[in-house]
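Here we start with a single chain on its own, the form predicted on its own, put down as structure tokens.
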Amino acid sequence: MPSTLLWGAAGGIGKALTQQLTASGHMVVAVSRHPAEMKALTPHVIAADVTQPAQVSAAARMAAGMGAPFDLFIYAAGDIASLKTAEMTPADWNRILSANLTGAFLTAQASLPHLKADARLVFIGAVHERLRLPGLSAYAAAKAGLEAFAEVLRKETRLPVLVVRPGAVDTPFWKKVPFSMPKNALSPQTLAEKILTALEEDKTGMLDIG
């Protein structure tokens, strides 16, 4: 049975991925700040904040005891805020970068020793042209940094790395920004299906899904 280590599992995309993966026969270890929300989807649940190094390290060790070595690593955690640069505090900036970028580094670093030699790594990014809007400087910077990090990680590890850049997805993120959700926004379930299809097709690099 293939195994997946999924960080940020309780978000809209994380839950949909957990459902799709378990339905396709994967054993999923779901790591989240809200573990109670995941217990109906997988029995393998760990509580951790991806922005806290000690919690991430402890979670990776616990995960290893449940299903290592893992075939698949997924980073689906993130956060967003609509704040213009002149109004943003350092704490605001750090919160968004920590959730979208620093957490990706921490979880990848902690997970690498517990992955198979041919494991795949997936990071959830975002379509660039949908990001560079007033109020989204921290989010845009974090997602651009995520792509750069993923590319370097691929070169360092020689593992297949995929950064999925979805367009609009119908998740609670839209409640945090003053923009209307497009009528053609994908459901998290549809996005998860497309991600699994991309993995079956051995896609790597950057993949736009709209």
Ligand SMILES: NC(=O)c1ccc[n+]([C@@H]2O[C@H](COP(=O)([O-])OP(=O)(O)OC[C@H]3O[C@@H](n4cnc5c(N)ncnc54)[C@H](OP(=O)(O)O)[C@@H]3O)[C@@H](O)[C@H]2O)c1
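Counting begins at 1, following the sequence as shown. Fair warning: this is a prediction, and the values are worked out from it, not measured in the lab.
There is another form of this protein, the form predicted together with the ligand, and it is not shown here; the text below is about that form.
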Self-check item: the ligand in the predicted bound form: contacting segment from 150-158, 43-51, 22-30, 63-71, heavy atom within 4.5 Å
Solution: 43-51
Exercise. Look up in the predicted bound form whether residue 111 has a non-hydrogen atom within 4.5 angstroms of the ligand, and give yes or no.
Key: no
Quiz item: According to a 4.5 angstroms non-hydrogen atom cut-off, is residue 178 in contact with the ligand in the predicted bound form?
Solution: no
Exercise. May I ask you to check whether residue 192 falls inside a 4.5 Å heavy atom distance of the ligand in the predicted bound form?
Key: no
Quiz item: Would residue 126 sit within 4.5 Å of the ligand in the predicted bound form, counting heavy atoms only?
Solution: yes
Practice problem: Select from the listed residues 121, 106, 138, 77 the one whose heavy atoms reach within 4.5 Å of the ligand in the predicted bound form. | Solution: 77
Quiz item: Taking the ligand in the predicted bound form, which residues along 144-176 bring a heavy atom to within 4.5 Å of it?
Solution: 166, 167, 168, 169, 171, 172, 173, 174, 176
